[in-house]
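What follows is a pair of forms of the same protein chain, given separately as structure tokens and numbered structure 1 and structure 2.
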Structure 1
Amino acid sequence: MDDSLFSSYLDKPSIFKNKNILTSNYIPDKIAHREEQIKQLASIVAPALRSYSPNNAFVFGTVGTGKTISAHFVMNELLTAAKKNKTVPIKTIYINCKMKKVADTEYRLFARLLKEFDCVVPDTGLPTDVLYRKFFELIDKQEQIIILVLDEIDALVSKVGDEFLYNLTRINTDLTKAHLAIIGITNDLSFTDALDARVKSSLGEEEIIFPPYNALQLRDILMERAAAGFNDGVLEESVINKCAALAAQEHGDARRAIDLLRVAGEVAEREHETKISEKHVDIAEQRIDLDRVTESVKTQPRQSQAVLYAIIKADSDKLGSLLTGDVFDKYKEICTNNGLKILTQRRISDLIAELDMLGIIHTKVISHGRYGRSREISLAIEGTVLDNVKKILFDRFGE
């Protein structure tokens, strides 16, 4: 093929110096405004350097507050210190429990753990207790300390229960050579409240809270990333301020701030512009919101998708406020037409609450005095995002 198709891209200098630095999974040498939390986590795992088993810990905080990146940073520093000081072998394992087909079931979790020790098991077919026993035998072959970081741990517990956590926390009572410590990371600040009493007791966890970043802190983070990620002179001064302000409105989400900055750069580069301006941030925000919402809708369980489609259809039929009963009527029609089991109205209320938490809809409880209360529902998405969601759901359920 004639290379002229890409010559305009290759001949023009790039806006980016190193785009990888402008991704949320990049781990910098220093993590700004998380020094206290990093010190806390480091003090919890430090006993491993003297061959003692660290305590279990839970790391709490909303999306984009630096939990995962800080955990990776501390684990990397721990392994460096262990290598330098020739301690008992330390192994750190990071697993995201929300990753589909990786660790979203108890079986897959233990299959992944075994893979870390070069033991491959079939995707399905073995009893879970066989995998657990294999894992136990493998890790206890030698003296070692294993620190297991379970990110999005609430997603797995809500799906399969907390029995696997109990088994993992009790493992140390039977191990003779190895020690296992668990660090759970969750966006759900009330996660431990719902755990079984024996699980909470066996965890004996320490807690670290990651508060949301404010706009000034986000600006500092973006300034550091921009200096290393972009070429000199390509950023208008107001761009970083705007990205920081927008992300501060989203519960202080640093991940969103970094994504906005990177995507704004990509938009400018595609438009063959040499500077990134606020208009590119506006386009980036629309693009990210579209991707976030459509991906969220695609990955929802079928029942949740049916409820959302019912809300969209009821919203287009009704001029006034939309109530749970209106949604339930449409939901039953969709289930009947698609051979889907009809859930109770109470369960539908739970699914509506979950869609509200995802930011796809808004709900508001209205008091009618002695006549009780009702919940008003409205869509939180519009324009191109709504059109895309409608298409996804129409392809799944039809008219």
Structure 2
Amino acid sequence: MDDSLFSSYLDKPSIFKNKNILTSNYIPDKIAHREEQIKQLASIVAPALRSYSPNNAFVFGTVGTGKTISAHFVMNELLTAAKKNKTVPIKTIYINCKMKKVADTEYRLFARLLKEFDCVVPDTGLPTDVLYRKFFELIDKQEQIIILVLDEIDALVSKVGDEFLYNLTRINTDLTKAHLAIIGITNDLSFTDALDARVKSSLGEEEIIFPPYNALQLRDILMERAAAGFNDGVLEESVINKCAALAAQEHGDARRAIDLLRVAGEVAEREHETKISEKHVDIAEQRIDLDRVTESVKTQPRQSQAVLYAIIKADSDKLGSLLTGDVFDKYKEICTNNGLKILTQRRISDLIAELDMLGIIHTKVISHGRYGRSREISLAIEGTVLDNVKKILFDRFGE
């Protein structure tokens, strides 16, 4: 039995005590270093406990700064306090606008809101203003305060515009019994710049900023998770500091810090080691980037994939830097071989700019004085990541 396939996994103590705690989906009981923001948000919604409508609010902060968990925490506490004190009914609704098929169109958003009040409408077909009216009638049936949290609101606005927000904020003026307060959460710090002035002033009655975590704060967050998620003695001391430092460099993202720590544990476990060390964090970092890049390449539209493949092919053909023209020639070949429509060079330039934003390539605009400008393109990925991407694209487009 001791020579069985799995014996090497069983005879060593395991690294993880509870891996779930080391995922970024896990909701911790304590939210460290966000006391200020939590207090602010609580003070904004607190009037609900006295039957007044809270102000609308915007919550800003880059990814992984604790916005979502803090909002959940405050809403839960509010409901607990409301229950204890027998206030006017308070209902909180949380919607993540990035969820596909849930709230990625105005129609779906309202369908989802109606569902909160047990009103089911068909997936498509009705005019949006019918849904809007239904929602209005349903909530105004009784005295109540509704707090609607729209998380990742920038995703929805960039897709469908801000009219729905205007409609939602207008609702209050017509409601007679109920009140609606909206809390919009966004990762995009310049989100409000593009909003209609009326929406901006009405939703921005209150603003809360979630700053990035620094390395010391990330360290505290990680220590808490590590104590509950790993078995005793498996962590070398420097590991947490390293994860915290790396994530602090990447705009203080707690999600990244936690992912690094968990994946480092997985790497150590796979190598049958009993302790996690800094080298496992290095491997974890590479692996996370690999996953991120391959995932984003896989989910790109076909045209963009064809452009990227053209860049990779042109890059291996040519010494020195690439120009849009070099890429365009390869791109046309790929399209012809694969029955794809050939887009204009102008559109290709746009797709190239998008690939740059994803961090897969670098581009640099070079001015040639009166001869105009051109764009120099180079790959931002190398090694295994590049090999992986090549394979994905080869499978899709062939040689």
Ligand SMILES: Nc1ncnc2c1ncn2[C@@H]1O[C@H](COP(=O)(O)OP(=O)(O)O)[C@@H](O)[C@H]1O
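Every residue number counts along structure 1's sequence, beginning with 1. Each form is matched to the other, and the largest set of C-alpha atoms that superpose within 1.5 Å is called the rigid core. Treat the numbers as computed from the prediction; the structure is a model and nothing was measured.
Engineer: Which of these two chains, shown alone, is the form predicted in complex with the ligand?
Structural biologist: Structure 2.
Engineer: Taking the rigid core as the frame, does Gln217 move its C-alpha by 2 Å or more between structures 1 and 2?
Structural biologist: No, shifts by less than 2 Å.
Engineer: After the core is matched up, is the C-alpha of Arg270 off by 2 Å or more between structures 1 and 2?
Structural biologist: Indeed, Arg270 is displaced by 2 Å or more.
Engineer: Any CA movement of 2 Å or more for Phe73 between structures 1 and 2, core superposed?
Structural biologist: No, its C-alpha moves less than 2 Å.
Engineer: Once both forms sit on the same core, give the Cα displacement of Lys19 between structures 1 and 2 in angstrom.
Structural biologist: A shift of 3.4 Å.
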